[in-house]
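We begin with a single chain expressed as C-alpha cells, specifically the form predicted alone.
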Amino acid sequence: MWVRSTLTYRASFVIMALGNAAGSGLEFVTILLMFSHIDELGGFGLPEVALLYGASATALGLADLLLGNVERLGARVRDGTLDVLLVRPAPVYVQVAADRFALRRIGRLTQALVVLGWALAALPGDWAPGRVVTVAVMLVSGAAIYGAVFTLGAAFQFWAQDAAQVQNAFTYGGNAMLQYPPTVFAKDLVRGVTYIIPLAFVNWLPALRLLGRDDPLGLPGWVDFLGPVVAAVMCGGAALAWRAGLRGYRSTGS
C-alpha cells in the first residue's frame, strides 16, 4: 500500500529518491576532496577506500530500506499506537518494519551501489568466482548485521521508550566509521568493533581479504570468512531481545 501510494506521485518520488542519494553521496564527496590533496589514506588508495565505502553503505542501505522503520518503535510505545498492531493477525515486527515503508531510501542504496561498482572495476586483479562470491556474501552478511543492530535498538526501546539516537550511533555512526580504513583508527577502537559490537565483519575483515592486506589486529586468516556466522548469531540474539521486549511490553490502555 505504501509503495503504491508513493508511486502515485512519481515526480515527487523521483525527487525524494535523488535527494536521498545526494545526501548520502556527500559522504563520498568528502572522501574525494581528501584524495584531491593526498594519495593514500592510512595506506589505502582511493579505489580501496571506495570499496570500503561502497560495501558498508550498500549493506546499510539494504537494511535501512527493509528495516529502517523499526527505529521509530519508541514513538509508538510512547503514543500508544503499538497497541493497534498487537490485535492484528500479523507479526508485530513485520508490521512495524512495513509501516510507512519509505521507498525513497532506494536512492541511498543506488548511490552506494554505483560507488561499489566503480571501486570493483578500478581495483586491479582478476575477478575469479571466489572473489565475486566473497563480495556477495560480504554485502548480505553486512546487511544482516546492520539489520540485527536495528532490531536490537528497537527492542531496547521497549524499556527506554526513546533511544532512537542511541541506535543511530551504532548504525549510521558505525557506517561512517567503516567507510574509512581500520588503519586510521586506534587499535582499541578496532578491537571494540571486532569483539564487542562486531561491525568489523560488515566490510573491514572481508574487504581486507579481497585486497590482500593483513588486518591491524593480526587475527588468523579464517576469521575473515566469519561474516555469515557473526550475522546469524547477531540476528538470533536480536530476535530473542525483540521477543523479550514484546513480552514485557505493558499497554498504554489506549
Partner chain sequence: MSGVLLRCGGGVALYAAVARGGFRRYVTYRTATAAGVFTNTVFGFILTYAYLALWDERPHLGGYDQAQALTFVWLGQALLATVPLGVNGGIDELQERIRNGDIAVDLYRPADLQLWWLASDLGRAACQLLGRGVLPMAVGALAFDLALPAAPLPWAAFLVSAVLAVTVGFALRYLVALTAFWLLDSSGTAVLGGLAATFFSGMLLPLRAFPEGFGEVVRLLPWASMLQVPADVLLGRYEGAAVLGALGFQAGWAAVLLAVGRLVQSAATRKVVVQGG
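As the structure is a prediction and not an experimental result, all values here were calculated from the model. Positions refer to the first chain, counted from 1.
One more form of this protein, predicted together with its partner chain, exists but is not displayed; see below.
Of the listed positions (101, 172, 93, 118), a single one reaches within 4.5 angstroms of its partner chain by any non-hydrogen atom in the predicted complex, namely 172. Between the options 84, 133, 75, 176, the residue in contact with its partner chain in the predicted complex by a heavy atom within 4.5 angstroms is 176. Remark: residue 232 does not count among the residues lining its partner chain in the predicted complex, judged by a heavy atom distance of 4.5 Å or less.
Although the partner is absent here, residue 97 sits far enough away that none of its heavy atoms falls within 4.5 Å of its partner chain in the predicted complex. Taking the partner from the other structure, its partner chain in the predicted complex has a heavy atom within 4.5 Å of a heavy atom of residue 22. Looking at residue 185, you'd find a heavy atom of it within 4.5 angstroms of its partner chain in the predicted complex. For its partner chain in the predicted complex, the listed stretch (55-63, 186-194, 224-232, 206-214) containing residues with heavy atoms inside 4.5 Å is 186-194. The candidate site formed by 113, 128 and 244 is entirely out of contact with its partner chain in the predicted complex, as no residue has a non-hydrogen atom within 4.5 angstroms of it. Along 228-242, no residue reaches a heavy atom to within 4.5 Å of its partner chain in the predicted complex.
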